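Single chain ahead, by itself, as structure tokens, in the form predicted on its own.
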Amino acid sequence: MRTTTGKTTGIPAQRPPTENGWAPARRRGRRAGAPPRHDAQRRRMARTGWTYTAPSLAVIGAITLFPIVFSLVLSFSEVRIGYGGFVVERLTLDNYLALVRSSDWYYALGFTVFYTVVTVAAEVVLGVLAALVMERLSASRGWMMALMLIPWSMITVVSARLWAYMYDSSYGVITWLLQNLFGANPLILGTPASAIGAMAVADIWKTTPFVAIIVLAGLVMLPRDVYESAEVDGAGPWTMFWRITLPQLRPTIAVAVLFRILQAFGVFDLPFVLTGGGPGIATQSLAVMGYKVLFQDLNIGAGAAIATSTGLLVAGACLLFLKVFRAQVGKEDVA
């Protein structure tokens, strides 16, 4: 306690009394209007986390964004190739104008869309059927999954080479089988229609196990009590599949379809090894066309324009699919 002369007596000062006779307790470490202590601790931990992860995020961002931005700049540029590399001379829209005037680009776009729709639809149907079969297996489910993973785990270049051997018009086993069944010697990879069909079969054979395993993971997570209640109400297998299984599997199937759209729209290695884009340009996808323009014709600006437009088309298709899927799920929730 401080006296009138400014000296301290060593006696602690008494708190001023309140209306009920008790002095208010002093709050330490927090001022009026200051945020709670746990919020400040949370912000401090967030700053520490961002400090540690910022270098890795910067590296990932540079690796991911730099090729995209560089390709976008090249697609709007007139590029000249010289002995010291390529030189960007000026910015121009000629690459995209040449693209929209090219009949080959329209054919590659149509073929890529057709190939994506057909193969993804077939893989979803076959994958759901395979998952329903494996879901009913007990002891042999692991063996079945291991067998189905063999095509999916095979490198696409190897599987394409394998199917090329089987489709070969001289010694291919599929050609031999068709010759013995129908008495003809078909050129499977020599005509446009059969080459497109052969390429779709090879893709469906390889990728259907991927869809089946994703759908199987969703199947085993479905609640069993719903099926027991449906059986008590007298629902048959088809009714339970159509009214219970399929609606609850829609999010899982949507994930599988989204992944497959991304892969199928950018297909390159299968047509490049199996058919080379032929006969003619019958199996030439957008990715194969971009490779030929960029690395064979050495037209860097046009090749970058094909790559950029393909990326925008894939992103637009995925966003449209997600929007339609969310709108459908929202209607079911309201109903």
Partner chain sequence: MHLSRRGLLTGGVVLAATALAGCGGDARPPVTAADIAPPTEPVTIDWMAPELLTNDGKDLRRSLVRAFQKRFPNITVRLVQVPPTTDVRRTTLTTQIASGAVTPDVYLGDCAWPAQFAHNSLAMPLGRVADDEEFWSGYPEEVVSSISYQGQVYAFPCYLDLAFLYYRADLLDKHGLEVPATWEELRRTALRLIDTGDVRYGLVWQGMSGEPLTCNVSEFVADAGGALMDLRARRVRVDSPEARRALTFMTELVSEGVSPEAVGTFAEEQTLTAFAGGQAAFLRNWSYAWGSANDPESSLVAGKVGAVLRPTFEGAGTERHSTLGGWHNFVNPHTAHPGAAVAFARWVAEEEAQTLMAATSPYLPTLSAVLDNPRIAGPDKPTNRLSADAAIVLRPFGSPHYPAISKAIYTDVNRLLVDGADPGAVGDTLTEMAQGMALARDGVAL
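Definition used throughout: the rigid core is the maximal C-alpha set that superposes within 1.5 Å between two forms. Numbering follows the first chain given and starts at 1. Being a predicted model, the structure only gives us computed values, none of them experimental.
Form predicted in complex with the partner chain: not shown, discussed below.
Looking at 202-210, 248-256, 134-142, 86-94, the stretch with residues near the partner chain in the predicted complex, meaning non-hydrogen atoms within 4.5 angstroms, turns out to be 86-94. Mapping the unseen interface onto this chain, Asp39 falls outside it, with no heavy atom inside 4.5 Å of the partner chain in the predicted complex. Residue contact with the partner chain in the predicted complex: Gly190 places a heavy atom within 4.5 Å of it. Contact annotation for Gly234: none of its heavy atoms lies within 4.5 Å of the partner chain in the predicted complex. The partner chain in the predicted complex is not approached by Trp242, whose heavy atoms all lie more than 4.5 angstroms from it.
Checked against the partner chain in the predicted complex, the residues Gly82, Gly183, Pro223, Gly110 give one hit for a heavy atom within 4.5 Å, which is Gly82. Proximity of Thr64, Val117 and Thr308 to the partner chain in the predicted complex is absent: no residue of the three has a non-hydrogen atom within 4.5 angstroms. In the predicted complex, the residues of 271-292 lying within 4.5 Å of the partner chain by at least one heavy atom are, in order, Phe272, Gly278, Pro279, Gly280, Ile281, Met289, Tyr291, Lys292. In this overlay on the rigid core, Ile68 has a C-alpha that sits less than 2 Å away from its partner position between this form and the one not shown.
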